[in-house]
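This document opens with one chain alone, in structure tokens, the form predicted on its own.
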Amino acid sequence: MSGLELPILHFEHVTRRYDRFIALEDVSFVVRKGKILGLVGESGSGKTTCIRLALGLERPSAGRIRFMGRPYSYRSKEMKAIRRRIGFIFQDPYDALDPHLTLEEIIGEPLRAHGLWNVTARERIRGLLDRVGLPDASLRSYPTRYSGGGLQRIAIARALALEPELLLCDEPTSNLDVSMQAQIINLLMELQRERGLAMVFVTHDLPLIRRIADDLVVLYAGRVMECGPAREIAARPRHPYTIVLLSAMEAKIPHRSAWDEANPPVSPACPFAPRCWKAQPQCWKERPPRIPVRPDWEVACFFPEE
């Protein structure tokens, strides 16, 4: 990314360990103001750990995270101020919304938590419901009245209640049917453009990332395999794992097995070596560095595609 831009969110060599298990190792990337970062990879690759770290729900075991240039301090008051500027949309709206609370209580909860509830709060909530496509929704109604798509619209309204600058979306359409997925994606893209939001979009849907993301980070087994401009990586991926994700070649190579999960390559070897058709002895012995394809594009591979 351009050195002239101040990233809204910056992961700097972040590692997250849970006892002996390493969920993330030496992960670095930036989220640019007003841009969409796609975060992709298989289940267990570390995507949700990145989201939890970005929200300050967990601390890195090593490395640091910056918001608008300032490192997270993890003091309660300072983290509350950061969370006020970050919205979050969960994967499953059925789990995200308390069925015993009214829409007013659900969407107004962030306002109350940050001491912003006032005489205009209900008007703000009605405006948010209108903007997300629920203009006739009663503030006294409960989530059980709404379908999956309606619930996700309510969740989006809540995420926008504090007018955040960054929106974290953890597979927000994975539990919706195809037609509703398209509606929710279109809504999010409209809101992103209108409000100049930065977004981190976690998904398994690679065709979607091709369409919406500005930047792309490809994770595998907690490590960054490739990162850079989304459309260019999608058009000419350099890392073998990125090629697997973006093409039909996945059927031609072994899938990650239970044995692989329990017995990953000994660090610092390349974690993708057991599945890679290009793997050489060096890949099993050394960790590949992130090699610049150009200043804004890196690939962690000894034998990348040309």
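Since the structure is predicted, the reported quantities are computational estimates derived from the model, not experimental observations. Numbers follow the displayed sequence, beginning with 1.
What follows is about the form predicted together with a small molecule, which we do not show.
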query: Contacting member of 237, 271, 46, 38, with respect to the small molecule in the predicted complex [4.5 Å, heavy atom]; finding: 46
query: The single option of 9, 14, 23, 283 touching the small molecule in the predicted complex, heavy atom within 4.5 Å; finding: 23
query: Contact stretch among 46-54, 238-246, 59-67, 273-281 - heavy atom within 4.5 Å of the small molecule in the predicted complex; finding: 46-54
